[in-house]
Structures are given as structure tokens and as C-alpha cells.
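Shown below, as C-alpha cells, is a lone chain in the form predicted alone; questions about how it binds or moves come after it.
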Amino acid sequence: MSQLDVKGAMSAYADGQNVMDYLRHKHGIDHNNSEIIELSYDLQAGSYAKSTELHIQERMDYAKLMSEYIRPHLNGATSLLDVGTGELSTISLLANHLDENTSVFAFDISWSRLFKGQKFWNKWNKNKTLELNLFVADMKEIPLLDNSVDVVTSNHAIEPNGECLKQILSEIFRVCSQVCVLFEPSFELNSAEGKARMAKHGYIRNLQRESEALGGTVLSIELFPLTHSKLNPTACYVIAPPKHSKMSINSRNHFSAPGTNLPLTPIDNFLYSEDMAVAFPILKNIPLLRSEKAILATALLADRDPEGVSE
């Protein structure tokens, strides 16, 4: 994404235009790629948290109802991953209904949204015993070890990734050990007008079919009683991931090089992969775990190897 894209997108956003529409048209593509999604959401950083606070009781009711769908699947679970968490406006309220020993992992493609979201979490999450692990990532390359989280959830986060649904589900299934409880719009259960809108914006469709094609078992699909738009109805998809042949490498922080099962080790203000000899920076305590953020650092291997050349 060039600087001109950023300036043009900022202007489009200030004029009230749909930034994703603007960028797709500018680049002559018919789908939302990672760069378009990142820039669009980064420009909105803070707006979701403000909107949630303006409608706090409504959003608290939404999160409480979500918890009623998720809790039956948390038996014995100690970790929950929120995919595309945005400004933590949903997970912060949902966390109030989680067990105290739950470790919460949450990522978004936009660092700015996570940075803003920390303040929302600190204000509205009353369950202060929960461990929160934030990181920047792309859904197509989730930087967690295989089977490293028990339950995966999302709330209209996979939505704009219509062209990449299969790849995203594959990554979610890879890191999930027990069950996925996804709150996403349903193209199949939508009205004709709603389907046209979803198609226009490049939203996902055939979530059930794609899950089953990857070996997942769709346990239930149910329209969620609360929805922000009749043209974009939320459905709760409960999906058991396919059986994994590989067990996760034991790791205290669960992080891996993006989209792999190669563990990362903390070194100073970075996370380092000895297997790939690359380092990922940490900005304001938030790791930037996207492939394009990797810094080639082979010298660290020599520095850490007693038999290596360190001078």
C-alpha cells in the first residue's frame, strides 16, 4: 500500500466514502485484500470503541447473549482466541462472562485498533484476573502454534474476506484444539437485498460448505437473535475443527512465525524464530506478527550459538 493510497483513503474517509470501495475501484480489483482491509480499519481506529460506549447497554446485552452461546463449549477450556478483535469492544464485554482462569488471545490486522482497544479493555472488562495477549496478525497466517488455543471465536471479523475464506478457515482450524464458535453474517440465510449487498462488498459466503470441505464438522448454525442490520444478519456457527495429527509444541506464550508451527522466542523487544532466522518487532507491548514485518537477523543465530561466529 503506497503513501498515495493512504492519503487518498484518508480523504475518502473524511468525505464519508466507503474506503474499501474506494481502494478496490482504484486498484481495479473486485475483492478486499489484506492491505485494503488494514488501511480501511486503521483509519477508523477508535470509532468502534466510541460507538460501543454510546450504546453500552445494547452492546453489553449483545456480549452477554454471545457468552450464552459460547459457554457450553468452554468446559475444560483454558484459552480463547478472538479473531479480528478490532478495538476489543466485543471481547472486553464478553470477558466479563468468562471463567477467571481463561487466557484470552486477540489479534487484528491493524495495530492502531489494538492500541486504542487496550483502553477499552482496561475500562470495561471487570474480570481483572484474565490474561490478555494482544498481537497484530493477518487471518490468513495466524502466528500461533498448532492446537495452541482451545476455543476460537469471531464477531463479523471474517466477514469482509470473501475471497480468502478457505485459507482463513484452514488457519483457524490449525490453531484450534476444541471448537470454533463464530458469529458471522450468513449469506445463505439473508434476504435477496441483503445478499446483493454482501456480494457488492465482497463478504463471505458458503461458510458451512467451506468448513466441511476442509474436514471441519458443522455442529450447528443458528441465526443470532440480535443483529445490527437486517441486511447483514448474524448467525452463530459452531464448528469442530478436523482431527489434528500434530500436537502443539509446548510454549508459554503460544506464538509462532506467521502461519507456521515454528516457535518464537522473546529477545529484547522482539520475538525471534531460530528456524527462520527472522525477528518480529514489539510496539507498545503489542507484537507485530505479520510476514512482511519480519526482519532478517541471521547474526543472532551466531550470537546465540556457542560454536558460532560472534565477532
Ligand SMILES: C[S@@+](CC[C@H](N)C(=O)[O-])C[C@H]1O[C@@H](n2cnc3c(N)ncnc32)[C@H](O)[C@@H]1O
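Numbers follow the displayed sequence, beginning with 1. For clarity, every value in this text was computed on a predicted model and none was experimentally measured.
In what follows, reference is made to the form predicted in complex with the ligand, a form of this protein that is not presented.
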Is the gap between residue 272 and the ligand in the predicted bound form 4.5 Å or less for some heavy atom pair?
no
At 4.5 Å between heavy atoms, is residue 139 in contact with the ligand in the predicted bound form?
yes
Is residue 37 close enough to the ligand in the predicted bound form to count, meaning some heavy atom within 4.5 Å?
yes
Applying a 4.5 Å heavy atom distance criterion, does residue 157 contact the ligand in the predicted bound form?
yes
Just to confirm the contact call: exactly one of 93-101, 206-214, 158-166, 126-134 touches the ligand in the predicted bound form at a 4.5 Å heavy atom cutoff, so which is it?
158-166
The one residue among 109, 198, 77, 181 placing a heavy atom within 4.5 Å of the ligand in the predicted bound form is 109
Within 71-92, which residues have a heavy atom closer than or equal to 4.5 Å from the ligand in the predicted bound form?
84, 85, 86, 89, 90
